[in-house]
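In the form predicted alone, a lone chain appears below as C-alpha coordinates.
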Amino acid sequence: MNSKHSRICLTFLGLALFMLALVPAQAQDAVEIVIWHMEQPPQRVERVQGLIDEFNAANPGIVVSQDVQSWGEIYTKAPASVVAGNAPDILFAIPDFTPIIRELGAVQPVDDFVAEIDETHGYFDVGIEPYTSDGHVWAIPLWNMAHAIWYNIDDLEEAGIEELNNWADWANAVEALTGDGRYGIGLPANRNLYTDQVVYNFMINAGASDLYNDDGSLRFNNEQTVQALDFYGQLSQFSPPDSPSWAWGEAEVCLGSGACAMVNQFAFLRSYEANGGDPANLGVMRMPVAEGVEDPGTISYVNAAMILTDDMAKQEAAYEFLRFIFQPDNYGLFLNMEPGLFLPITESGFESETYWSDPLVVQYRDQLETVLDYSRSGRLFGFTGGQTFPSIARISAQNLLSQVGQLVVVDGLDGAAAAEEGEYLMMEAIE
(Lines give C-alpha, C1' and ligand atoms only; values in the text may rest on other atoms or scores of the structure.)
Protein backbone atom coordinates (compact mmCIF):
# COMPACT_ATOMS: atom_id res chain seq x y z
CA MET A 1 0.00 0.00 0.00
CA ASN A 2 1.50 3.39 -0.99
CA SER A 3 1.74 6.32 1.41
CA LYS A 4 -1.22 8.13 -0.15
CA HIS A 5 -3.50 5.18 0.43
CA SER A 6 -2.14 4.79 3.94
CA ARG A 7 -2.94 8.43 4.74
CA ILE A 8 -6.50 8.00 3.38
CA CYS A 9 -7.07 4.83 5.44
CA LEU A 10 -5.72 6.51 8.55
CA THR A 11 -7.95 9.51 7.92
CA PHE A 12 -11.08 7.33 7.65
CA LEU A 13 -10.02 5.32 10.70
CA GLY A 14 -9.55 8.49 12.68
CA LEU A 15 -12.95 9.79 11.56
CA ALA A 16 -14.61 6.51 12.52
CA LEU A 17 -13.00 6.58 15.97
CA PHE A 18 -14.06 10.20 16.41
CA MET A 19 -17.69 9.40 15.49
CA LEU A 20 -17.68 6.41 17.80
CA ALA A 21 -16.47 8.64 20.62
CA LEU A 22 -19.49 10.87 20.08
CA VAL A 23 -21.90 7.97 20.66
CA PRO A 24 -22.90 7.78 24.33
CA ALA A 25 -21.47 4.76 26.12
CA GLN A 26 -25.02 3.76 27.10
CA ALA A 27 -26.02 3.45 23.42
CA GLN A 28 -22.92 1.42 22.61
CA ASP A 29 -23.86 -1.08 25.34
CA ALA A 30 -27.63 -1.08 24.70
CA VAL A 31 -29.54 -4.05 26.05
CA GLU A 32 -31.51 -5.74 23.27
CA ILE A 33 -34.95 -7.19 24.06
CA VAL A 34 -36.85 -9.39 21.61
CA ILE A 35 -40.60 -9.85 22.02
CA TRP A 36 -42.55 -12.68 20.42
CA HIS A 37 -46.29 -12.21 20.16
CA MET A 38 -49.06 -13.74 18.07
CA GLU A 39 -51.05 -10.60 17.21
CA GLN A 40 -50.63 -10.89 13.44
CA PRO A 41 -53.24 -8.48 11.99
CA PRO A 42 -51.39 -5.52 10.44
CA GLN A 43 -53.06 -2.84 12.57
CA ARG A 44 -51.99 -4.66 15.75
CA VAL A 45 -48.40 -5.04 14.58
CA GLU A 46 -48.32 -1.36 13.59
CA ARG A 47 -49.66 -0.20 16.97
CA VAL A 48 -47.15 -2.29 18.90
CA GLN A 49 -44.33 -0.99 16.70
CA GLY A 50 -45.36 2.59 17.34
CA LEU A 51 -45.12 2.05 21.09
CA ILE A 52 -41.79 0.26 20.71
CA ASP A 53 -40.40 3.15 18.65
CA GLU A 54 -41.51 5.68 21.25
CA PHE A 55 -39.95 3.64 24.05
CA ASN A 56 -36.67 3.09 22.21
CA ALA A 57 -36.37 6.82 21.47
CA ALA A 58 -36.80 7.66 25.14
CA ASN A 59 -34.54 4.86 26.40
CA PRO A 60 -31.28 4.82 24.41
CA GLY A 61 -29.85 2.12 26.66
CA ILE A 62 -32.51 -0.39 25.57
CA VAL A 63 -33.46 -1.61 22.11
CA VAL A 64 -36.79 -3.47 21.93
CA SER A 65 -37.91 -5.31 18.81
CA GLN A 66 -40.93 -7.44 18.00
CA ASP A 67 -41.02 -10.74 16.13
CA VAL A 68 -44.55 -11.69 15.09
CA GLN A 69 -45.49 -15.37 15.39
CA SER A 70 -48.66 -17.35 14.74
CA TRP A 71 -50.83 -19.30 17.14
CA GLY A 72 -50.78 -22.17 14.66
CA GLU A 73 -47.02 -22.66 15.12
CA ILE A 74 -46.12 -21.23 18.52
CA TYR A 75 -46.91 -24.37 20.54
CA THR A 76 -44.05 -26.15 18.73
CA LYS A 77 -41.84 -23.19 17.79
CA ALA A 78 -41.51 -21.68 21.26
CA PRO A 79 -40.43 -24.90 23.01
CA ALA A 80 -37.98 -25.57 20.17
CA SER A 81 -36.48 -22.10 20.61
CA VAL A 82 -35.98 -22.73 24.32
CA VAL A 83 -34.24 -26.05 23.67
CA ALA A 84 -32.07 -24.45 20.97
CA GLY A 85 -31.08 -21.57 23.24
CA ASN A 86 -32.54 -18.81 21.06
CA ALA A 87 -35.80 -18.11 22.84
CA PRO A 88 -37.19 -14.56 22.94
CA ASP A 89 -36.77 -12.46 26.06
CA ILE A 90 -40.52 -11.78 26.33
CA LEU A 91 -43.15 -14.21 25.08
CA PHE A 92 -46.84 -13.35 25.11
CA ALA A 93 -49.06 -16.16 26.34
CA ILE A 94 -52.46 -17.36 27.45
CA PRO A 95 -52.82 -19.39 30.67
CA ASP A 96 -52.81 -22.88 29.16
CA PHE A 97 -49.69 -22.10 27.08
CA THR A 98 -47.59 -21.05 30.06
CA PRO A 99 -47.31 -24.52 31.70
CA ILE A 100 -45.86 -25.93 28.46
CA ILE A 101 -42.96 -23.46 28.54
CA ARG A 102 -42.61 -23.77 32.32
CA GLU A 103 -41.97 -27.49 32.01
CA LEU A 104 -38.80 -26.59 30.09
CA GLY A 105 -37.51 -24.50 32.98
CA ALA A 106 -37.34 -21.30 30.97
CA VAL A 107 -40.04 -19.14 32.55
CA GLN A 108 -38.89 -16.71 35.23
CA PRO A 109 -41.06 -15.99 38.30
CA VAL A 110 -42.33 -12.40 38.25
CA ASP A 111 -43.91 -12.04 41.69
CA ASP A 112 -42.22 -8.77 42.61
CA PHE A 113 -42.92 -7.06 39.31
CA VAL A 114 -46.57 -8.13 39.27
CA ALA A 115 -46.91 -6.83 42.83
CA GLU A 116 -45.40 -3.52 41.67
CA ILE A 117 -47.90 -3.18 38.80
CA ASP A 118 -50.72 -4.17 41.13
CA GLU A 119 -49.73 -1.50 43.63
CA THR A 120 -49.24 1.16 40.95
CA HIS A 121 -52.12 0.39 38.59
CA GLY A 122 -54.46 -1.98 40.45
CA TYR A 123 -54.87 -5.38 38.83
CA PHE A 124 -58.38 -6.80 38.68
CA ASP A 125 -58.56 -10.01 40.71
CA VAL A 126 -59.18 -12.12 37.61
CA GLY A 127 -55.79 -11.18 36.19
CA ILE A 128 -53.26 -12.84 38.44
CA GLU A 129 -54.92 -16.14 39.40
CA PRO A 130 -54.48 -17.96 36.05
CA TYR A 131 -50.72 -17.43 36.21
CA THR A 132 -50.21 -18.34 39.87
CA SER A 133 -49.00 -21.79 40.90
CA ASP A 134 -46.37 -23.43 43.11
CA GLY A 135 -46.12 -20.26 45.18
CA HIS A 136 -45.16 -17.94 42.31
CA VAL A 137 -46.62 -15.78 39.55
CA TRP A 138 -45.25 -16.89 36.18
CA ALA A 139 -46.44 -14.21 33.77
CA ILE A 140 -47.39 -10.53 33.77
CA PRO A 141 -51.09 -10.04 32.92
CA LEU A 142 -51.50 -7.63 30.00
CA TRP A 143 -55.16 -7.62 28.98
CA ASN A 144 -58.39 -9.59 29.26
CA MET A 145 -60.87 -10.96 26.73
CA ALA A 146 -64.36 -12.07 27.72
CA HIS A 147 -67.34 -13.71 26.03
CA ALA A 148 -70.87 -12.37 26.05
CA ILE A 149 -74.16 -12.98 24.30
CA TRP A 150 -74.22 -10.54 21.39
CA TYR A 151 -77.59 -10.09 19.73
CA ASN A 152 -79.58 -8.10 17.18
CA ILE A 153 -81.73 -5.69 19.17
CA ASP A 154 -84.45 -5.43 16.53
CA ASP A 155 -84.88 -9.22 16.39
CA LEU A 156 -85.53 -9.50 20.11
CA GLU A 157 -87.78 -6.45 20.23
CA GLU A 158 -89.91 -7.71 17.34
CA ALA A 159 -90.29 -11.05 19.13
CA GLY A 160 -91.29 -9.29 22.35
CA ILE A 161 -88.27 -10.66 24.23
CA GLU A 162 -87.12 -8.36 27.03
CA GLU A 163 -85.02 -10.38 29.46
CA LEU A 164 -83.37 -13.79 29.51
CA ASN A 165 -83.06 -14.58 33.20
CA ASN A 166 -82.52 -18.32 32.99
CA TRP A 167 -82.14 -21.21 30.58
CA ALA A 168 -85.88 -21.72 30.24
CA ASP A 169 -86.24 -18.12 29.03
CA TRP A 170 -83.28 -18.60 26.72
CA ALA A 171 -84.61 -21.79 25.15
CA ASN A 172 -88.02 -20.20 24.51
CA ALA A 173 -86.40 -17.11 22.98
CA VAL A 174 -84.09 -19.06 20.66
CA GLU A 175 -86.99 -21.13 19.35
CA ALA A 176 -89.18 -18.04 18.86
CA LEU A 177 -86.42 -16.23 16.98
CA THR A 178 -85.90 -19.08 14.49
CA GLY A 179 -87.75 -18.87 11.19
CA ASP A 180 -88.01 -17.03 7.87
CA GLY A 181 -84.34 -17.63 7.08
CA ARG A 182 -83.11 -16.56 10.49
CA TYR A 183 -81.65 -18.76 13.23
CA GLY A 184 -82.23 -18.06 16.90
CA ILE A 185 -78.60 -18.66 17.81
CA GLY A 186 -75.28 -19.63 16.27
CA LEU A 187 -73.40 -22.35 18.19
CA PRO A 188 -70.20 -24.01 16.96
CA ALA A 189 -69.35 -27.71 17.17
CA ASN A 190 -66.00 -27.81 15.41
CA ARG A 191 -62.97 -29.25 17.18
CA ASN A 192 -61.26 -25.95 17.89
CA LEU A 193 -60.67 -23.40 20.60
CA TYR A 194 -63.83 -21.45 19.80
CA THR A 195 -66.04 -24.44 20.55
CA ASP A 196 -63.99 -25.13 23.71
CA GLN A 197 -64.82 -21.61 24.85
CA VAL A 198 -68.54 -21.74 24.12
CA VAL A 199 -69.02 -25.20 25.66
CA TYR A 200 -67.23 -23.97 28.77
CA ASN A 201 -69.56 -20.98 29.01
CA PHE A 202 -72.47 -23.41 29.28
CA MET A 203 -70.58 -25.34 31.94
CA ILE A 204 -69.87 -22.21 33.99
CA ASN A 205 -73.51 -21.25 34.01
CA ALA A 206 -74.61 -24.74 34.96
CA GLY A 207 -72.31 -24.65 38.00
CA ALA A 208 -69.56 -26.83 36.47
CA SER A 209 -66.71 -24.35 36.08
CA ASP A 210 -64.17 -26.51 37.96
CA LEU A 211 -62.58 -29.25 35.86
CA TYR A 212 -60.48 -30.47 38.79
CA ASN A 213 -61.03 -31.48 42.38
CA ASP A 214 -58.72 -29.99 44.99
CA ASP A 215 -56.46 -33.05 44.82
CA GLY A 216 -55.95 -32.68 41.08
CA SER A 217 -58.32 -35.44 40.01
CA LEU A 218 -60.81 -34.69 37.25
CA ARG A 219 -64.39 -33.74 38.04
CA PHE A 220 -65.72 -33.33 34.51
CA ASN A 221 -68.30 -36.11 34.62
CA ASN A 222 -70.87 -34.67 37.00
CA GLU A 223 -74.52 -33.68 37.06
CA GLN A 224 -73.86 -30.03 36.22
CA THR A 225 -71.70 -30.85 33.19
CA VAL A 226 -74.37 -33.26 31.94
CA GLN A 227 -76.98 -30.51 32.25
CA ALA A 228 -74.75 -28.08 30.32
CA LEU A 229 -74.16 -30.56 27.49
CA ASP A 230 -77.82 -31.49 27.19
CA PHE A 231 -78.77 -27.82 26.97
CA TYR A 232 -76.04 -27.20 24.41
CA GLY A 233 -77.54 -29.91 22.25
CA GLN A 234 -81.03 -28.50 22.74
CA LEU A 235 -80.09 -24.99 21.57
CA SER A 236 -77.98 -26.33 18.69
CA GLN A 237 -81.19 -27.38 16.97
CA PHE A 238 -81.81 -23.69 16.28
CA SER A 239 -78.33 -22.98 14.89
CA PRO A 240 -77.41 -22.83 11.16
CA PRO A 241 -76.71 -26.22 9.48
CA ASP A 242 -73.09 -25.25 8.80
CA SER A 243 -72.37 -24.11 12.37
CA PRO A 244 -70.74 -27.43 13.38
CA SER A 245 -67.80 -26.36 11.19
CA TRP A 246 -67.52 -22.80 12.51
CA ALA A 247 -64.62 -20.89 14.01
CA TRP A 248 -64.97 -17.34 15.41
CA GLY A 249 -65.25 -15.63 12.03
CA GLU A 250 -68.32 -17.51 10.84
CA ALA A 251 -70.20 -16.59 14.01
CA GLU A 252 -69.35 -12.94 13.48
CA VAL A 253 -70.59 -13.04 9.90
CA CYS A 254 -73.81 -14.77 10.93
CA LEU A 255 -74.70 -12.06 13.44
CA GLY A 256 -73.52 -9.13 11.32
CA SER A 257 -75.47 -10.33 8.29
CA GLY A 258 -78.65 -10.85 10.30
CA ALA A 259 -78.74 -14.61 9.70
CA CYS A 260 -78.33 -15.25 13.44
CA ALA A 261 -80.25 -13.45 16.15
CA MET A 262 -77.47 -14.04 18.70
CA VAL A 263 -74.03 -15.59 19.14
CA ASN A 264 -71.69 -16.28 22.03
CA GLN A 265 -68.45 -14.45 21.27
CA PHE A 266 -65.77 -11.95 22.27
CA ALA A 267 -66.26 -8.24 21.48
CA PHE A 268 -65.67 -8.35 17.71
CA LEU A 269 -66.49 -4.74 16.90
CA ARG A 270 -64.25 -4.22 13.86
CA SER A 271 -65.43 -7.48 12.31
CA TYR A 272 -69.08 -6.75 13.09
CA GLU A 273 -68.98 -3.52 11.12
CA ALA A 274 -66.97 -5.12 8.29
CA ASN A 275 -69.71 -7.73 7.95
CA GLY A 276 -72.44 -5.13 7.56
CA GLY A 277 -73.62 -4.94 11.16
CA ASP A 278 -75.55 -1.88 12.28
CA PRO A 279 -74.01 -0.33 15.44
CA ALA A 280 -77.44 0.78 16.62
CA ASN A 281 -78.69 -2.83 16.43
CA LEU A 282 -75.93 -4.52 18.44
CA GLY A 283 -76.94 -5.61 21.92
CA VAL A 284 -74.98 -7.47 24.56
CA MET A 285 -76.00 -9.34 27.68
CA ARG A 286 -74.67 -11.68 30.30
CA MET A 287 -75.08 -15.35 29.55
CA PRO A 288 -78.27 -16.73 31.14
CA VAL A 289 -77.87 -19.31 33.91
CA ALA A 290 -79.39 -22.67 34.72
CA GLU A 291 -82.06 -22.76 37.41
CA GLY A 292 -80.53 -22.59 40.87
CA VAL A 293 -77.05 -21.41 39.83
CA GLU A 294 -75.92 -18.55 42.07
CA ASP A 295 -72.48 -17.88 40.60
CA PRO A 296 -72.95 -16.89 36.94
CA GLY A 297 -69.99 -15.98 34.82
CA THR A 298 -68.25 -16.10 31.50
CA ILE A 299 -65.06 -17.44 30.05
CA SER A 300 -62.23 -14.93 30.02
CA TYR A 301 -58.73 -15.10 28.61
CA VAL A 302 -56.15 -13.05 30.44
CA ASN A 303 -53.25 -12.61 28.03
CA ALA A 304 -49.86 -12.10 29.63
CA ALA A 305 -46.13 -11.74 29.08
CA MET A 306 -43.69 -14.43 30.20
CA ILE A 307 -40.09 -13.45 30.89
CA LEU A 308 -37.82 -16.16 29.47
CA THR A 309 -34.38 -14.60 29.82
CA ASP A 310 -32.32 -15.31 32.93
CA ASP A 311 -29.99 -12.38 32.17
CA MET A 312 -30.60 -9.82 34.93
CA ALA A 313 -29.88 -6.82 32.69
CA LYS A 314 -32.32 -8.09 30.10
CA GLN A 315 -34.94 -8.79 32.77
CA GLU A 316 -34.72 -5.24 34.08
CA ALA A 317 -34.90 -3.85 30.53
CA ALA A 318 -37.99 -5.98 29.88
CA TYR A 319 -39.60 -4.68 33.07
CA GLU A 320 -38.81 -1.12 32.06
CA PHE A 321 -40.58 -1.62 28.74
CA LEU A 322 -43.60 -3.14 30.46
CA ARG A 323 -43.72 -0.26 32.94
CA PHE A 324 -43.92 2.00 29.91
CA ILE A 325 -46.78 -0.06 28.45
CA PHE A 326 -48.78 0.09 31.69
CA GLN A 327 -48.67 3.89 31.88
CA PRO A 328 -52.37 4.70 31.36
CA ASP A 329 -52.03 6.75 28.16
CA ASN A 330 -49.75 4.13 26.59
CA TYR A 331 -51.89 1.29 27.89
CA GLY A 332 -55.03 2.64 26.24
CA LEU A 333 -53.22 2.79 22.90
CA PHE A 334 -51.85 -0.71 23.47
CA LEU A 335 -55.30 -2.18 24.16
CA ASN A 336 -56.80 -0.45 21.15
CA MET A 337 -54.58 -2.26 18.71
CA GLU A 338 -57.87 -4.21 18.56
CA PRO A 339 -60.60 -1.94 19.98
CA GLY A 340 -63.14 -3.71 22.14
CA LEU A 341 -61.55 -7.14 21.94
CA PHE A 342 -58.69 -6.38 24.34
CA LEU A 343 -60.08 -5.27 27.70
CA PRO A 344 -58.27 -3.46 30.54
CA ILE A 345 -56.91 -5.68 33.30
CA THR A 346 -56.04 -2.78 35.63
CA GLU A 347 -58.01 -0.04 37.35
CA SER A 348 -55.85 2.69 35.83
CA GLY A 349 -56.32 1.14 32.40
CA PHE A 350 -60.08 1.12 32.93
CA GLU A 351 -59.86 4.89 33.45
CA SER A 352 -57.42 5.56 30.61
CA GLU A 353 -58.47 8.46 28.39
CA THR A 354 -56.74 6.96 25.35
CA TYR A 355 -58.70 3.73 25.82
CA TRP A 356 -62.11 5.41 25.90
CA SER A 357 -61.33 7.96 23.19
CA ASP A 358 -60.76 5.46 20.37
CA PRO A 359 -63.50 6.12 17.76
CA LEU A 360 -64.72 2.51 17.74
CA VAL A 361 -64.75 2.34 21.53
CA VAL A 362 -66.67 5.63 21.68
CA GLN A 363 -69.29 4.23 19.32
CA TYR A 364 -69.78 1.04 21.36
CA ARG A 365 -69.08 2.37 24.84
CA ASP A 366 -72.35 1.12 26.37
CA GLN A 367 -71.77 -2.41 25.12
CA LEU A 368 -68.15 -2.45 26.28
CA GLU A 369 -69.03 -1.20 29.75
CA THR A 370 -71.38 -4.17 30.06
CA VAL A 371 -68.65 -6.61 29.04
CA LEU A 372 -66.03 -4.93 31.22
CA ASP A 373 -68.31 -5.12 34.23
CA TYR A 374 -68.43 -8.90 34.31
CA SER A 375 -65.06 -9.58 32.70
CA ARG A 376 -63.62 -8.77 36.12
CA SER A 377 -65.06 -12.03 37.43
CA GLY A 378 -64.40 -14.20 34.39
CA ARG A 379 -62.84 -17.64 34.61
CA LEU A 380 -61.05 -20.20 32.46
CA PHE A 381 -61.21 -23.99 32.39
CA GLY A 382 -58.40 -25.50 34.46
CA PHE A 383 -57.61 -22.22 36.22
CA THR A 384 -60.27 -21.98 38.92
CA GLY A 385 -60.39 -22.75 42.61
CA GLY A 386 -57.09 -21.09 43.42
CA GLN A 387 -54.97 -23.87 41.95
CA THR A 388 -53.44 -24.56 38.56
CA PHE A 389 -52.79 -28.10 37.38
CA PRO A 390 -50.30 -28.30 34.50
CA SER A 391 -52.18 -31.18 32.86
CA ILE A 392 -54.77 -28.66 31.64
CA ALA A 393 -52.31 -27.76 28.88
CA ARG A 394 -52.73 -31.25 27.39
CA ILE A 395 -56.51 -31.14 27.67
CA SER A 396 -56.60 -27.74 26.00
CA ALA A 397 -54.06 -28.63 23.30
CA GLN A 398 -56.30 -31.48 22.13
CA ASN A 399 -59.48 -29.34 22.24
CA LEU A 400 -61.24 -31.98 24.30
CA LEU A 401 -64.07 -29.71 25.43
CA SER A 402 -65.00 -29.09 21.81
CA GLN A 403 -64.73 -32.81 21.09
CA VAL A 404 -67.32 -33.42 23.80
CA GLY A 405 -69.51 -30.77 22.18
CA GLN A 406 -69.20 -32.65 18.89
CA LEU A 407 -70.32 -35.85 20.58
CA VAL A 408 -73.57 -34.11 21.49
CA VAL A 409 -74.23 -31.97 18.41
CA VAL A 410 -72.79 -34.13 15.61
CA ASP A 411 -72.91 -37.68 17.01
CA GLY A 412 -76.19 -37.24 18.88
CA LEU A 413 -75.05 -38.47 22.30
CA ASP A 414 -76.94 -37.29 25.35
CA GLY A 415 -75.16 -35.26 27.98
CA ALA A 416 -74.51 -38.20 30.31
CA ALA A 417 -72.82 -40.31 27.65
CA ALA A 418 -70.83 -37.37 26.32
CA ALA A 419 -69.62 -36.36 29.81
CA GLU A 420 -68.51 -39.92 30.55
CA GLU A 421 -66.63 -40.16 27.25
CA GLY A 422 -65.16 -36.71 27.78
CA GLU A 423 -63.68 -37.56 31.16
CA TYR A 424 -62.21 -40.75 29.70
CA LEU A 425 -60.56 -38.76 26.89
CA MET A 426 -59.19 -36.26 29.39
CA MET A 427 -57.74 -39.00 31.59
CA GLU A 428 -56.06 -40.52 28.54
CA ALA A 429 -54.60 -37.13 27.64
CA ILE A 430 -53.06 -36.41 31.03
CA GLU A 431 -51.75 -39.88 31.95
Partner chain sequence: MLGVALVSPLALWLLATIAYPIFSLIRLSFLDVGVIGTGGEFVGFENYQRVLNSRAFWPSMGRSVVWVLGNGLLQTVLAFSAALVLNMPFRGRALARTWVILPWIVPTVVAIIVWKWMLGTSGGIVNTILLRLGVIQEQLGFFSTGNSAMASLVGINSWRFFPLLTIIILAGMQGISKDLYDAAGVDGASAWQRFTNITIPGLKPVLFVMGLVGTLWSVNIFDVIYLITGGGPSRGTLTMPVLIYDMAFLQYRLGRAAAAAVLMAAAVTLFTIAFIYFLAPREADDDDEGWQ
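All of these numbers come straight from a predicted model, not from anything done at the bench. Positions refer to the first chain, counted from 1.
Only in words, not in the display: the form predicted in complex with the partner chain, which the text now covers.
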Of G332, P288, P244, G297, the only residue with a heavy atom within 4.5 Å of the partner chain in the predicted complex is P244
Among the candidate residues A80, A313, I153, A176, which is the single one with a non-hydrogen atom no more than 4.5 Å from the partner chain in the predicted complex?
-> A80
Location of the partner chain contact in the predicted complex, chosen stretch of 318 to 326, 122 to 130, 201 to 209, 244 to 252 [non-hydrogen atom, 4.5 Å] | 244 to 252
Can we say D118, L282 and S375 each have a non-hydrogen atom within 4.5 Å of the partner chain in the predicted complex?
-> no
Examine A159 and determine whether its closest non-hydrogen atom to the partner chain in the predicted complex is within 4.5 angstroms.
-> no
Would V410 count as a contact of the partner chain in the predicted complex, using a 4.5 angstroms cut-off between non-hydrogen atoms?
-> yes
Any of the heavy atoms of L218 lying within 4.5 Å of the partner chain in the predicted complex?
-> no
Any non-hydrogen atom of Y183 within 4.5 angstroms of the partner chain in the predicted complex = yes
Sequence-ordered list of residues in 111 to 134 near the partner chain in the predicted complex, where near means a heavy atom within 4.5 Å = none
